[in-house]
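We give structure tokens for two forms of one protein chain below, kept apart as structure 1 and structure 2.
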Structure 1
Amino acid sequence: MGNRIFLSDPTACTAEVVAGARLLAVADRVGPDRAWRRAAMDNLMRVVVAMFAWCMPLLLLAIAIGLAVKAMPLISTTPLMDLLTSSEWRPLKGEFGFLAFIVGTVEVTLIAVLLAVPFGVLSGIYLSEHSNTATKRLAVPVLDMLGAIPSVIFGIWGVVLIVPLVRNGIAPFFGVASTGYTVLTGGLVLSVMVFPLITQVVHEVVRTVPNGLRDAGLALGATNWETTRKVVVRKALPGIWAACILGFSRAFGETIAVLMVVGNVVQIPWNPLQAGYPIPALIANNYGEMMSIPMYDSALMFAALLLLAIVLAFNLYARRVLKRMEIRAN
């Protein structure tokens, strides 16, 4: 699972070491007088492993550079500030203001995160601290599976269930007429997608708190709940924060499920019961279709670059927090 990577880096490392050791053992059997063979194998493996290790960052760099080059025509003709703060979106006139899309993205993401964080964090803590083995044995694989469901399925579920709920329930309750395809709908669907991720990471992070600390709290006469709240959660706080950031960046970049329920109207959604148009939806809906319009291609590339930069920044930040926690735990 992608979201496990943060905590399992060290094991990946051991796998390499084991593989290397096995190769050396084979080389050894060729003959003890062939020491150079082992040295050669050692060097060869070092190069191969290094090559694979460097592939990933290079790939990322290639994507970023590709996007930047394609976005250049737009960036070089329109000031960056205008692109980010204008809401005039008239591709035919060559006006590309991204504000409506940015606001749409942020709104959908915030709704999702605000809903998913309390539930995700509490479930993760519950799973680690207060559930028995049977519950864990059930819940952990279920969370894994939820994370593996293709997002288009969440989208369909949103269209079938959440859209009518918003149209016939939530919107009328607030006295608003709505098609049901709104920013709120997008946020609700997204929150359900992000919730398992947050739960999973919080669970893993809280588990790394050493048992000695729990004992210390209890031995001082604190109840289980006091120990959880005042000792364990406190210790795990940076990691819990990182889990929320990961949830945020996952929500931020999610495309299909949101696109299916959010309405896709170019406007600043002043309230969540209006339709919106988040950046990923913009790119997915229009790429390849409106290429006859000058600069449109470049504008979409700019949007993609923006998305990539924000998601990367959040991910890197969350990884750093988790890493630091892991170091301190050992």
Structure 2
Amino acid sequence: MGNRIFLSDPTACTAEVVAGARLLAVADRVGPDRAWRRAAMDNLMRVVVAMFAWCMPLLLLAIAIGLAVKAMPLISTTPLMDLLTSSEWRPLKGEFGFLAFIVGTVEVTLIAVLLAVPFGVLSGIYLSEHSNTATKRLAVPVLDMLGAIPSVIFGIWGVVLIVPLVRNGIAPFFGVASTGYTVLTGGLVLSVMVFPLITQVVHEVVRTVPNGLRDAGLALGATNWETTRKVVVRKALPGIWAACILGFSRAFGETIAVLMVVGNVVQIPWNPLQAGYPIPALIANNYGEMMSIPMYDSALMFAALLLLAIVLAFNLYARRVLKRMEIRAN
């Protein structure tokens, strides 16, 4: 009888047994030849999918190797600590100190993240837990549109609105004379760019929390806010942390909008109302013009490698923290 199955009492059989009998009947009709071809196709597709999965880490490795090779002339002639701790930037004299660019990048990013993360997280929680349907219908499409606006538009908006605000309002309030093109201006513009991303991700993450947890909190006598804070947010905390990581990564590598409002002065900004020069702006401003100067070109490649290393280091650390949070949550 081979693989055939006879059912003496079909009405007493479960659906699983009937389904298994049908599969065995199909296998009988397929034959060994066709079964072998299907197995070979499955193996081929498994290999193809694995190759695509490995493409991303290999691409990242290729980018890092390419930047390192191009930056090698500078690294081989100047000690690494001198490059990282010196703020002297005189390319025509062979002096390449990246400290001012590192400090400018970190300050702009920290200002943006400190402003965007609290508002973004709270807005995402509010949209998911406490807003009415009309608010969601209005807010969610607006967030989508804000996330799709090109960065140069945010830069123009910063020049038109934020620069005069800092020059005529914020700086005089603190007794400082400023042109308005400052690290604070770059952080403000960048925070507006990062805010929609964080809000959208937090909104979607909080929505995935099962309603049973909310009902259990309310059944125990907790208020809506207490249920949100002690139940929903704790369950969604790994996803909220992931949203903050995405926001930081977006802020750290942003170029055009920051370049237009930050001042682009090679100096260490000791306060946010001074001009700065982030690493992405350095690369964007000088790369096309300075390719004919080998050491200058190598310095810009080192700046790109440095930016990549900082972002990777932060993301690896953040992923490690996120993993621990997921283990605690489970």
Partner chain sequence: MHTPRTTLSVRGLHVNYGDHAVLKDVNVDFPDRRLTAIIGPSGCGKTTLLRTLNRLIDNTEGTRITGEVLLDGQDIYARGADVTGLRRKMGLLSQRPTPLPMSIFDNVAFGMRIHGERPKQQIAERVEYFLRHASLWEEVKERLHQPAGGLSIGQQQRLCLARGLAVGPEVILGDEPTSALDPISTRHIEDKFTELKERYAIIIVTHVLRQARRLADHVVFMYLGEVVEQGPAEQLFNDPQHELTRAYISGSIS
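Rigid core: the largest C-alpha set superposing within 1.5 Å between the two forms. Source: prediction; values computed, not measured. Residue numbering: sequential along structure 1, first residue numbered 1.
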Practice prompt. Choose the one of the two that is the form predicted in complex with its partner chain.
Written response: 1
Practice prompt. Tell me, please, whether between the two structures the C-alpha of residue 64 is shifted by 2 Å or more, with the rigid core used for superposition.
Written response: yes
Item to complete: Tell me, please, whether between the two structures the C-alpha of residue 270 is shifted by 2 Å or more, with the rigid core used for superposition.
Response: no
Discussion item. If the core is used for the superposition, what shift in Å does the C-alpha of residue 42 show between the two structures?
Written reply: 6.0
Item to complete: Report, in Å with one decimal, the C-alpha displacement of residue 308 between the two structures after core superposition.
Response: 2.4
